[in-house]
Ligand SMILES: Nc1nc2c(c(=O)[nH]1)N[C@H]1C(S)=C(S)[C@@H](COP(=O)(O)O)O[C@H]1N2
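Only one chain is included here, represented as structure tokens and corresponding to the form predicted on its own.
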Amino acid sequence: MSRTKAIFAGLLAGLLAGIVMTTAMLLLAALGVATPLVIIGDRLSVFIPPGPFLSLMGKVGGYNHLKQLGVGSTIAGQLLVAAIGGAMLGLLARRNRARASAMWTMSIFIVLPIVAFAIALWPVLGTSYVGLPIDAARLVTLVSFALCVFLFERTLVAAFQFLATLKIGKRGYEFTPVIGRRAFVLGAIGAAVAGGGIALARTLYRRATFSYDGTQYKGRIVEPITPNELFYCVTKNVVDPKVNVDLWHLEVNGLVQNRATWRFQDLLGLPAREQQTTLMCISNGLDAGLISNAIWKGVPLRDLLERAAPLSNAARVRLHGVDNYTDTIRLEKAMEPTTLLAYNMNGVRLPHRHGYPLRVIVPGYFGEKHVKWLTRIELTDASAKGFYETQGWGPDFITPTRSRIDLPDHESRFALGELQQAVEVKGIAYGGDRGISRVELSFDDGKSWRDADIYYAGGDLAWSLWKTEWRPEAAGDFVLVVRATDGEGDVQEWEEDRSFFSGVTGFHKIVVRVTA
């Protein structure tokens, strides 16, 4: 067999085997099993600092496009590597057929990838989109990957052996009846696998988070309690978990005297607490709507921690989601009675996208601390970090006092002679877990201030809604600015030395144009 034929046969065989492997991974993903198509991105993203990460997001058109690009690139890269692997097999078989034996191909294309996969992706192998406990999920992920590379190796060898038997005559390839039957079977299998892969990809796309990731809540629709379907949503996942509560349990371990495992029904049997709490994303802009308010019901985290009896060197609590997302909070914060393990949202079971069956509510901290799909509570030392902390967000995760103007819209226009009534100006104010005591509005870019009416006070843990009426006395361009004072008497301000990656501070401004 010539060198060119060996390489060409290997490339085609590798590509077919890669398609088979990718289709198997898509099928596993549809069943809720973690595959390299997704967890490679999770593993790599923690090494990208926030600045380059946000810059990359901006260049590709947002987080959803970045996730699509990531998965698409992984699939393309996987097929490319598969084709190169097939070419290597072709060269190996041409030079030494003994080295193309099953022992050699299994060692190179099965054992070696499994070892590399386990070492490189160990921190994210515990991912499960159906809610398996972390250790069980890690085993399932490894076994599933082993199955995928086994299918790759067997398809690669079989396809290469078939292609290597083709004879080339003066007019091209010569097919014997046997080869013709093999070609038909191989082509049919290839077409079926490719078609199945495309169908699975479409199914997963329909189930993906693209339709709701980045949901914002602002403007005229804002109510005191945000409806669940409108509650802001940010997720790192391409496909969010849909947890089977019969497979799920909650572990409490780490630096504790008494390790424990809790089933969902066990948690429902504990004394519950209900509270109104606002959540806000750390990347929420001054004019953005990545903030919402809900009534949460659940068990105080400290009830489980007290039973576990933290050791003297326990300083932080690392929270693990089934989607391999982690974050940490101080042990003192975890022991506050308002830090909840919530299973209800606005009177109903937690929606899947908001963390069913259990999520953490940490009042006064940015949304990334409110871990969804919780499956493990681990007490650790002071050095522990979570997903975004490792990436470089922070170091301050306590929400600063913020306020926003929802009405009128920026660059609204009013004709002075046509105004039959005062212009309604309204919005929100949020002071973390400190509440809001006062809201002021300026119509001259901060030169003078007047009080707004707080018509809904959500309490210390939630936002307040405010409004006022404004009658412009002359035409012109007016710069409206809002500021809030929290429940401790501290006035909202721009914190010059605060890192952008700890959440922006400052004042929301809009321009209103009034004509004669």
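As the structure is a prediction and not an experimental result, all values here were calculated from the model. Throughout, we count residues from 1 along the sequence that is shown.
The protein also exists as the form predicted together with this ligand; that form is not presented, and the subsequent description refers to it.
From the list 107-115, 436-444, 147-155, 228-236, the contact stretch for this ligand in the predicted complex under a 4.5 Å heavy atom rule is 228-236. The putative spot formed by 323, 359 and 370 is fully lined by this ligand in the predicted complex; each residue has a non-hydrogen atom within 4.5 angstroms of it. With a 4.5 Å cutoff on heavy atoms, residue 217 does not count as touching this ligand in the predicted complex; it lies far away.
Contact check for residue 343: every heavy atom lies farther than 4.5 Å from this ligand in the predicted complex. A residue is said to contact a partner when one of its heavy atoms sits within 4.5 Å of a partner heavy atom; residue 160 fails this definition for this ligand in the predicted complex, lying far away. Taking the partner from the other structure, this ligand in the predicted complex has no heavy atom within 4.5 Å of any heavy atom of residue 248.
Comment: this ligand is not present in this chain, but in the predicted complex one of 376, 138, 316, 354 has a heavy atom within 4.5 Å of it, namely 354. Listed residues 121, 299, 281, 405 were compared with this ligand in the predicted complex; 281 is the one with a heavy atom within 4.5 Å.
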